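Presented as C-alpha coordinates, the chain that follows is alone, the form predicted alone.
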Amino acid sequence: MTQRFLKVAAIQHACTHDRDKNLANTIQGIRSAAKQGAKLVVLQELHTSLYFCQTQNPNLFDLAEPIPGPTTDQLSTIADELNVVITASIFERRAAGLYHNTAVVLDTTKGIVGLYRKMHIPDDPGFHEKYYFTPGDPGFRPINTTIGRLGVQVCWDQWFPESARLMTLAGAELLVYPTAIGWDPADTHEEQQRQLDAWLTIQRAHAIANGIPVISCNRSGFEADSSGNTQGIQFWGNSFIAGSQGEIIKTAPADQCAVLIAKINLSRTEQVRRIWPYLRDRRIDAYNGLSSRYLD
(Lines give C-alpha, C1' and ligand atoms only; values in the text may rest on other atoms or scores of the structure.)
Protein backbone atom coordinates (compact mmCIF):
# COMPACT_ATOMS: atom_id res chain seq x y z
CA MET A 1 0.00 0.00 0.00
CA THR A 2 1.32 3.43 -0.99
CA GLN A 3 1.95 5.59 2.06
CA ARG A 4 0.51 9.11 2.01
CA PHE A 5 2.04 11.52 4.50
CA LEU A 6 0.93 15.04 5.36
CA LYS A 7 2.70 17.56 7.57
CA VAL A 8 0.19 19.58 9.58
CA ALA A 9 0.35 22.41 12.10
CA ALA A 10 -1.77 23.98 14.84
CA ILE A 11 -1.11 27.58 15.91
CA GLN A 12 -1.82 28.13 19.63
CA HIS A 13 -1.52 31.58 21.20
CA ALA A 14 -3.05 34.10 23.60
CA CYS A 15 -5.16 36.99 22.28
CA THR A 16 -5.57 40.67 23.12
CA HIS A 17 -8.02 43.50 22.34
CA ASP A 18 -5.87 44.41 19.31
CA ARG A 19 -7.19 42.60 16.21
CA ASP A 20 -4.20 43.54 14.05
CA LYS A 21 -1.74 42.29 16.66
CA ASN A 22 -3.66 39.03 17.03
CA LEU A 23 -3.73 38.45 13.30
CA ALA A 24 -0.04 39.35 13.00
CA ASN A 25 0.78 36.73 15.65
CA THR A 26 -1.32 34.20 13.77
CA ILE A 27 0.37 34.95 10.45
CA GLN A 28 3.79 34.73 12.10
CA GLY A 29 2.81 31.25 13.28
CA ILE A 30 1.59 30.28 9.81
CA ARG A 31 4.90 31.41 8.29
CA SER A 32 6.85 29.42 10.89
CA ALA A 33 4.74 26.32 10.18
CA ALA A 34 5.17 26.65 6.41
CA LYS A 35 8.93 27.08 6.83
CA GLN A 36 8.93 23.74 8.67
CA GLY A 37 7.09 22.07 5.80
CA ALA A 38 3.47 22.14 6.99
CA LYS A 39 0.89 21.95 4.21
CA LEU A 40 -2.17 22.29 6.45
CA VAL A 41 -2.31 24.97 9.17
CA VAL A 42 -5.15 25.01 11.70
CA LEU A 43 -5.92 28.19 13.65
CA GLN A 44 -7.70 28.41 17.00
CA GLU A 45 -11.30 29.52 17.45
CA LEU A 46 -11.96 33.28 17.02
CA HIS A 47 -8.23 33.96 16.74
CA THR A 48 -8.50 37.66 15.84
CA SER A 49 -10.12 38.79 19.10
CA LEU A 50 -10.57 38.10 22.76
CA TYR A 51 -13.19 35.48 23.55
CA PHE A 52 -15.99 38.05 23.74
CA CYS A 53 -18.72 35.53 24.65
CA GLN A 54 -17.94 35.81 28.38
CA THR A 55 -20.54 38.58 28.51
CA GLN A 56 -23.62 39.72 26.57
CA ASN A 57 -23.01 43.07 24.94
CA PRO A 58 -24.75 44.12 21.70
CA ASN A 59 -21.85 46.41 20.81
CA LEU A 60 -19.63 43.35 20.39
CA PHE A 61 -21.52 42.37 17.24
CA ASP A 62 -19.34 45.05 15.65
CA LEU A 63 -16.48 42.52 15.76
CA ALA A 64 -18.22 40.42 13.12
CA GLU A 65 -17.19 40.57 9.47
CA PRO A 66 -18.47 39.16 6.17
CA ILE A 67 -17.03 36.19 4.33
CA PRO A 68 -15.22 37.02 2.11
CA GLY A 69 -13.93 39.88 4.23
CA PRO A 70 -10.79 41.50 5.67
CA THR A 71 -9.48 38.45 7.53
CA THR A 72 -10.15 35.91 4.78
CA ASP A 73 -8.62 38.30 2.23
CA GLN A 74 -5.40 38.54 4.24
CA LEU A 75 -5.22 34.83 4.90
CA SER A 76 -5.98 33.96 1.27
CA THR A 77 -2.95 36.00 0.27
CA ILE A 78 -0.81 34.14 2.84
CA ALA A 79 -2.12 30.73 1.71
CA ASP A 80 -1.25 31.58 -1.87
CA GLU A 81 2.20 32.95 -1.00
CA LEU A 82 3.16 29.99 1.19
CA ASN A 83 1.33 27.27 -0.79
CA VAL A 84 -0.55 26.03 2.28
CA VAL A 85 -4.12 25.21 3.24
CA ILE A 86 -5.39 27.28 6.19
CA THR A 87 -8.38 26.62 8.44
CA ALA A 88 -9.38 29.98 9.93
CA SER A 89 -12.08 30.90 12.46
CA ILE A 90 -14.29 33.94 11.82
CA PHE A 91 -17.07 35.73 13.68
CA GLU A 92 -19.23 35.93 10.56
CA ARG A 93 -21.77 38.63 9.75
CA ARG A 94 -23.93 36.77 7.26
CA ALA A 95 -26.66 39.43 7.14
CA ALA A 96 -28.04 42.16 9.36
CA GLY A 97 -28.79 40.49 12.69
CA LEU A 98 -27.56 37.07 11.49
CA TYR A 99 -24.18 35.99 12.83
CA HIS A 100 -22.29 32.69 12.92
CA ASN A 101 -19.18 31.16 14.45
CA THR A 102 -17.63 30.02 11.19
CA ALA A 103 -14.59 28.02 10.14
CA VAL A 104 -13.28 28.91 6.67
CA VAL A 105 -10.88 26.82 4.60
CA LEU A 106 -8.46 28.69 2.32
CA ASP A 107 -6.69 26.51 -0.23
CA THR A 108 -3.34 27.62 -1.68
CA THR A 109 -4.12 29.51 -4.93
CA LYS A 110 -7.87 28.82 -4.81
CA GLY A 111 -8.89 31.12 -1.96
CA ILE A 112 -12.01 30.09 -0.03
CA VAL A 113 -12.99 26.52 -0.90
CA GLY A 114 -15.54 25.94 1.84
CA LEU A 115 -16.87 26.91 5.23
CA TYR A 116 -18.48 25.29 8.24
CA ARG A 117 -20.83 27.14 10.58
CA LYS A 118 -20.74 25.88 14.16
CA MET A 119 -23.70 23.56 14.74
CA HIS A 120 -23.70 23.01 18.52
CA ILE A 121 -23.92 26.35 20.35
CA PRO A 122 -23.20 26.35 24.13
CA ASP A 123 -24.83 28.58 26.69
CA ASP A 124 -23.06 28.42 30.05
CA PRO A 125 -21.66 30.93 32.56
CA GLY A 126 -18.78 32.59 30.73
CA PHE A 127 -19.76 31.01 27.40
CA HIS A 128 -22.82 32.97 26.20
CA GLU A 129 -22.55 31.83 22.61
CA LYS A 130 -26.28 31.48 21.97
CA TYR A 131 -26.52 35.25 22.35
CA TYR A 132 -24.08 35.81 19.48
CA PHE A 133 -24.22 32.83 17.15
CA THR A 134 -26.99 31.34 15.04
CA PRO A 135 -26.59 27.54 14.73
CA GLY A 136 -25.04 26.48 11.44
CA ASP A 137 -27.07 25.16 8.53
CA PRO A 138 -24.65 23.51 6.03
CA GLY A 139 -24.62 20.29 8.09
CA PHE A 140 -21.67 17.96 8.52
CA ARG A 141 -20.03 18.01 5.11
CA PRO A 142 -16.28 17.66 4.56
CA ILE A 143 -14.46 20.35 2.61
CA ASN A 144 -12.39 19.25 -0.39
CA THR A 145 -8.88 20.69 -0.58
CA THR A 146 -5.69 19.97 -2.48
CA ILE A 147 -4.34 18.02 0.53
CA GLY A 148 -7.46 16.00 1.37
CA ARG A 149 -11.04 16.11 2.63
CA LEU A 150 -11.28 18.04 5.90
CA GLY A 151 -14.01 17.35 8.46
CA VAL A 152 -13.93 20.81 10.03
CA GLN A 153 -16.03 21.54 13.13
CA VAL A 154 -15.77 24.11 15.94
CA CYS A 155 -15.18 23.69 19.70
CA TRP A 156 -18.43 22.45 21.35
CA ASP A 157 -18.96 20.29 18.24
CA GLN A 158 -15.93 18.28 19.31
CA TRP A 159 -17.84 16.65 22.19
CA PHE A 160 -20.47 15.00 19.98
CA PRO A 161 -19.71 11.56 18.50
CA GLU A 162 -22.64 11.89 16.10
CA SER A 163 -21.08 14.81 14.22
CA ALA A 164 -17.67 13.14 14.01
CA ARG A 165 -19.32 10.01 12.63
CA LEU A 166 -21.35 11.94 10.05
CA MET A 167 -18.23 13.74 8.84
CA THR A 168 -16.54 10.35 8.52
CA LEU A 169 -19.45 8.80 6.65
CA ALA A 170 -19.31 11.72 4.22
CA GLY A 171 -15.66 10.95 3.46
CA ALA A 172 -13.62 13.16 5.80
CA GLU A 173 -9.97 12.13 6.01
CA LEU A 174 -9.16 14.37 8.99
CA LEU A 175 -11.20 15.82 11.83
CA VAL A 176 -10.23 19.45 12.49
CA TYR A 177 -11.38 21.37 15.57
CA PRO A 178 -10.61 25.08 16.12
CA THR A 179 -11.28 25.55 19.85
CA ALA A 180 -11.61 28.06 22.70
CA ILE A 181 -11.94 26.16 25.96
CA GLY A 182 -10.51 26.77 29.39
CA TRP A 183 -10.82 26.49 33.13
CA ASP A 184 -12.91 28.43 35.58
CA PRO A 185 -10.27 29.72 38.03
CA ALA A 186 -12.70 28.94 40.86
CA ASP A 187 -12.55 25.21 40.17
CA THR A 188 -10.16 23.01 42.10
CA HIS A 189 -7.04 21.67 40.45
CA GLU A 190 -8.57 18.19 40.53
CA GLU A 191 -11.71 19.36 38.74
CA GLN A 192 -9.66 21.23 36.17
CA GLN A 193 -7.64 18.09 35.46
CA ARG A 194 -10.81 16.03 35.07
CA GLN A 195 -12.14 18.51 32.52
CA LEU A 196 -8.92 18.51 30.51
CA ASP A 197 -8.75 14.72 30.56
CA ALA A 198 -12.35 14.50 29.35
CA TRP A 199 -11.61 16.94 26.51
CA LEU A 200 -8.60 14.94 25.35
CA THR A 201 -10.36 11.60 25.74
CA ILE A 202 -13.51 12.42 23.78
CA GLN A 203 -11.56 13.68 20.78
CA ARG A 204 -9.13 10.79 20.82
CA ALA A 205 -12.19 8.55 20.92
CA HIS A 206 -13.45 10.18 17.70
CA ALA A 207 -10.15 9.26 16.06
CA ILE A 208 -10.42 5.68 17.32
CA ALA A 209 -14.10 5.14 16.47
CA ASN A 210 -13.65 6.51 12.96
CA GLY A 211 -10.09 5.51 12.17
CA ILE A 212 -8.98 9.01 11.16
CA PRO A 213 -6.55 11.59 12.60
CA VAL A 214 -7.68 14.55 14.70
CA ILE A 215 -6.22 18.06 14.93
CA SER A 216 -7.45 20.20 17.83
CA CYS A 217 -6.18 23.79 18.14
CA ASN A 218 -7.01 25.63 21.37
CA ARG A 219 -6.33 29.09 22.78
CA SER A 220 -3.96 29.77 25.66
CA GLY A 221 -3.70 32.57 28.22
CA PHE A 222 -6.02 34.21 30.76
CA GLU A 223 -8.89 36.44 29.65
CA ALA A 224 -10.86 38.48 32.18
CA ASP A 225 -14.65 38.73 32.16
CA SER A 226 -15.35 42.40 31.43
CA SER A 227 -18.77 42.15 33.10
CA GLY A 228 -17.23 40.93 36.36
CA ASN A 229 -19.85 38.18 36.64
CA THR A 230 -17.24 35.42 36.60
CA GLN A 231 -13.55 35.11 37.41
CA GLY A 232 -12.65 34.91 33.71
CA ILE A 233 -11.27 31.99 31.74
CA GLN A 234 -7.83 30.43 31.84
CA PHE A 235 -7.66 28.87 28.40
CA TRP A 236 -5.91 25.56 28.83
CA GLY A 237 -3.98 25.27 25.57
CA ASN A 238 -2.93 21.63 25.15
CA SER A 239 -3.55 21.74 21.40
CA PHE A 240 -2.81 18.30 20.01
CA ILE A 241 -2.53 16.14 16.93
CA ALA A 242 -3.64 12.50 17.19
CA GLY A 243 -3.35 9.60 14.79
CA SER A 244 -6.04 7.29 13.49
CA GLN A 245 -5.91 5.05 16.58
CA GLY A 246 -6.16 8.02 18.92
CA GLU A 247 -2.45 8.03 19.68
CA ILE A 248 -1.09 11.45 20.60
CA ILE A 249 1.54 12.45 18.05
CA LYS A 250 2.21 15.97 19.32
CA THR A 251 0.81 18.17 22.07
CA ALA A 252 1.33 21.77 23.14
CA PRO A 253 1.81 23.09 26.69
CA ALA A 254 -1.05 24.55 28.71
CA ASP A 255 0.21 28.09 29.11
CA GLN A 256 2.48 28.95 26.20
CA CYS A 257 2.20 29.96 22.57
CA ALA A 258 3.13 27.10 20.28
CA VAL A 259 3.50 26.18 16.63
CA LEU A 260 2.64 22.50 16.80
CA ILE A 261 3.99 20.46 13.88
CA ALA A 262 3.45 16.78 13.11
CA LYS A 263 3.63 14.42 10.17
CA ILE A 264 0.60 12.18 9.89
CA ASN A 265 0.14 9.11 7.73
CA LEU A 266 -3.23 9.35 6.02
CA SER A 267 -2.79 5.83 4.63
CA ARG A 268 -3.12 4.36 8.12
CA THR A 269 -6.89 4.88 7.97
CA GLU A 270 -7.12 2.04 5.46
CA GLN A 271 -4.84 -0.16 7.54
CA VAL A 272 -6.61 0.56 10.82
CA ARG A 273 -10.09 0.02 9.42
CA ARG A 274 -9.10 -3.40 8.10
CA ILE A 275 -8.27 -4.46 11.67
CA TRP A 276 -10.97 -2.44 13.47
CA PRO A 277 -13.89 -2.45 10.96
CA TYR A 278 -16.31 -0.23 12.86
CA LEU A 279 -17.93 1.03 9.68
CA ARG A 280 -18.52 -2.52 8.46
CA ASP A 281 -20.07 -3.71 11.72
CA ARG A 282 -22.31 -0.75 12.48
CA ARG A 283 -25.92 -1.89 13.02
CA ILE A 284 -27.56 0.90 11.09
CA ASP A 285 -30.84 -1.06 11.19
CA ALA A 286 -30.90 -0.68 14.99
CA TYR A 287 -29.95 2.96 15.46
CA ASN A 288 -33.29 4.68 14.81
CA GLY A 289 -33.38 5.92 18.40
CA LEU A 290 -30.48 8.28 17.71
CA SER A 291 -32.88 10.65 15.99
CA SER A 292 -34.86 11.04 19.24
CA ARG A 293 -34.07 13.64 21.90
CA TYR A 294 -34.51 10.99 24.60
CA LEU A 295 -36.01 7.51 24.72
CA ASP A 296 -38.74 7.69 27.34
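Don't overthink the numbering: it's just position in the shown sequence, from 1. Predicted model, so just to flag it, every value in this text is computed and none were measured.
The form predicted together with another copy of the chain is left out here; the points below concern that form.
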{"query": "4.5 angstroms heavy atom contact with another copy of the chain in the predicted bound form for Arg194", "finding": "yes"}
{"query": "Another copy of the chain contact in the predicted bound form: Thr2, any heavy atom under 4.5 Å", "finding": "no"}
{"query": "Partner proximity in the predicted bound form: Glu247 to another copy of the chain, non-hydrogen atom cutoff 4.5 Å", "finding": "yes"}
{"query": "Partner proximity in the predicted bound form: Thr16 to another copy of the chain, non-hydrogen atom cutoff 4.5 Å", "finding": "no"}
{"query": "Interface residue in the predicted bound form among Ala224, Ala95, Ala198, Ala186, criterion: non-hydrogen atom within 4.5 angstroms of another copy of the chain", "finding": "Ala198"}
{"query": "In the predicted bound form, the residue from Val113, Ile147, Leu82, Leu166 that sits within 4.5 Å of another copy of the chain by heavy atoms", "finding": "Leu166"}
{"query": "Interface stretch in the predicted bound form with another copy of the chain - options 213-221, 68-76, 103-111, 120-128, non-hydrogen atom within 4.5 Å", "finding": "120-128"}
{"query": "Within 155-170, the residues that have a heavy atom no more than 4.5 Å from another copy of the chain in the predicted bound form", "finding": "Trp156, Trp159, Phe160, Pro161, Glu162, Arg165, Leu166, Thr168, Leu169, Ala170"}
